[in-house]
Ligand SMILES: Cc1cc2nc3c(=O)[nH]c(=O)nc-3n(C[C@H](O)[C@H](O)[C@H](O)COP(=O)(O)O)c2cc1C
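Before any questions on binding or motion, here is one chain by itself as structure tokens, the form predicted on its own.
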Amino acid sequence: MRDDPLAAPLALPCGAVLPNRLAKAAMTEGLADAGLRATDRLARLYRRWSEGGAGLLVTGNVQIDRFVLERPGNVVLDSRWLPSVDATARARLADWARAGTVAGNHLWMQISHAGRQSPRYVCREPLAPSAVPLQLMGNYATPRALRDDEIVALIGRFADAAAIARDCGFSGVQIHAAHGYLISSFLSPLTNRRTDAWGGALEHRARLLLETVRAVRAAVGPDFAVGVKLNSDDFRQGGFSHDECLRVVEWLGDAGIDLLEISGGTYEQPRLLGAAGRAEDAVEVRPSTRVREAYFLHYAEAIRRVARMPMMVTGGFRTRAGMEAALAGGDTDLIGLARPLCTDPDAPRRLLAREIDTLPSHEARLHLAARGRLSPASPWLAAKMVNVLGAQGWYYRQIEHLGDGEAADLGLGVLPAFAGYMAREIGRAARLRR
């Protein structure tokens, strides 16, 4: 049998070695308990994914601020709040780490701050570089601009979370600097209107990211994997651009990270989900990207020319041929997979065993089912809510099934899935407030 590029190990600058070139990218799980700690459901879910064959698993975003959550089921590591970092919380994290590495793969904790993208039913006062609200279905309150001392404290909490992840048995951490969350919003001139040392020129807008990377590295040491997830482009007019991304990647090379994951888009322009947002402020996707399997490969080509660290591209990969071509062309070192693993957690193992050449994809069916509930005159916002959020709710439900030790429910309807997801989210948020 000829050598399989998907099965080749990948050595990282810190000395760690990933056993193959397939990675489960981060997906928010929503499986924390009422105290925002890890649970048996998370351990069960990641044991399933570990046994599924991917060389690297990246968790959903573990939050460093218990008051500003991406959703009410987030795990929280807030060093100001003892219950999230005490012996019980650490024991549960250790259980999660052991379960998620049973097959000899890596498990990295993604550490994040939701910033202005914390829903109104979770957070009444989000935090951001500037008081620029996210205008999406009225679901997000106007954020408060962070003070200088608060920004410095957040950097320390990122470092504290990384050290706890290391101590509890995770193989690495990934700093989330994409998709419009806090660090990403500092990078964008649309959401960062500051005139101090944290805003204005790109080197100031990138300061939070770069100082966070340095603080995390100092906290975990040179032999622990540290990655960053970064937008190749925000795809918003006047936002964080591809050219700015290239400069930030050069600076990240100086900071000494071990893996750069390339993604793109924000809540306003959800390109990470393969969807377009509002037409009035969208940046056109480059034509060569449209005809390629993965969403961001064209952008990765340019990033590769300046990157001095291994790269991972996530979004859109569905065929062995597409994955092998991306690796052979040098566009990426690691193939990031997400939604297909919600319905077939064994897909990486089956790809490596050459049992399958195509991954499961349900997006087209879900969007078709959703469009069938809309009239031709339905406004863009309604279409987005049903197509994008409906599909999200459907995949979230599959994650819950896996966490409960069950098989995926492929017969679940998209609208019932979305309605159930929202009901559970609002109920959890209400219990958190109480």
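Heads up: residue numbers just count along the shown sequence, starting at 1. No experiment lies behind these values; they were computed from the predicted model shown.
Same protein, other form: the form predicted together with the ligand, not shown, and the subject of what follows.
The stretch among 197 to 205, 312 to 320, 113 to 121, 129 to 137 whose residues place heavy atoms within 4.5 Å of the ligand in the predicted complex is 312 to 320. The shortest heavy atom separation between Ala338 and the ligand in the predicted complex is within 4.5 Å. Taking the partner from elsewhere, Ala25 is found to have a heavy atom lying within 4.5 Å of the ligand in the predicted complex. Interface residue remark: Ser50 is not counted as part of the site for the ligand in the predicted complex, having no heavy atom within 4.5 Å. In the predicted complex, at least one heavy atom of Tyr295 sits within 4.5 Å of the ligand.
Of the residues given (Thr332, Ser263, Thr212, Ser184), Ser263 alone sits with a heavy atom within 4.5 Å of the ligand in the predicted complex. Contact with the ligand in the predicted complex holds for none of Ser84, Phe158 and Arg217, as no heavy atom of theirs lies within 4.5 Å. The partner is not shown here, but in the predicted complex the stretch 151 to 182 reaches within 4.5 angstroms of the ligand through a heavy atom at His176, His179.
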